[in-house]
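This document opens with one chain alone, in structure tokens, the form predicted alone.
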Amino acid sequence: MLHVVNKSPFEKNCLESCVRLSQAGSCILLIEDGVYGALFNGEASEEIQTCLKDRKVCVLGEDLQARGIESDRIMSGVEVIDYAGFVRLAVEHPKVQSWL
């Protein structure tokens, strides 16, 4: 399953809920303000580290750029993807869960 999180971990607990309920082998994609969850030493870094053990975690590069976040501030193991990568993930995963 592809889990798409678009809310900042500073604003809502969507990422926390996603991490708790997602299963091994799934993919978590951080978009819009959700990209703040991928920051190294950020609010959600512990949760993302847990995910990286058995789940793929991606962040949308265009949303990083729109927020002035350099990719070197993103946690190791988190993959920065573009819109084509977003489409690929949606095609690869038969189910998509949006966390709003």
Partner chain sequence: MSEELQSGIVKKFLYINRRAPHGTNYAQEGLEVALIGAAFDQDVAMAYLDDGVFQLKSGQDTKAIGTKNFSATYRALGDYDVKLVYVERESLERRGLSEDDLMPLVYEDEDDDWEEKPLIHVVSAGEMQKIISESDVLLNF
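Numbering follows the first chain given and starts at 1. Because the structure is a prediction, the values reported are computed rather than measured.
The discussion below concerns the form predicted together with its partner chain, not included here.
Peer 1: Should Cys27 be classed as touching its partner chain in the model of the complex when contacts are defined as heavy atoms within 4.5 Å?
Peer 2: Contact check for Cys27: no, nothing within 4.5 Å of its partner chain in the model of the complex.
Peer 1: Mark Glu92 yes when one of its heavy atoms lies within 4.5 Å of a heavy atom of its partner chain in the model of the complex, and no otherwise.
Peer 2: So Glu92 does not count as contacting its partner chain.
Peer 1: Check whether Ser71 has any heavy atom within 4.5 Å of a heavy atom of its partner chain in the model of the complex, and answer yes or no.
Peer 2: Contact with its partner chain, no.
Peer 1: Decide whether Arg67 counts as a contact residue for its partner chain in the model of the complex under a heavy atom distance cut-off of 4.5 Å.
Peer 2: Yes, Arg67 sits close enough to its partner chain in the model of the complex that at least one of its heavy atoms falls within 4.5 Å.
Peer 1: Could you list which residues of 14 to 40 come within 4.5 Å of its partner chain in the model of the complex, counting heavy atoms only?
Peer 2: The stretch 14 to 40, when checked against its partner chain in the model of the complex, contributes Asp33, Tyr36, Leu39, Phe40 at the 4.5 Å heavy-atom cut-off.
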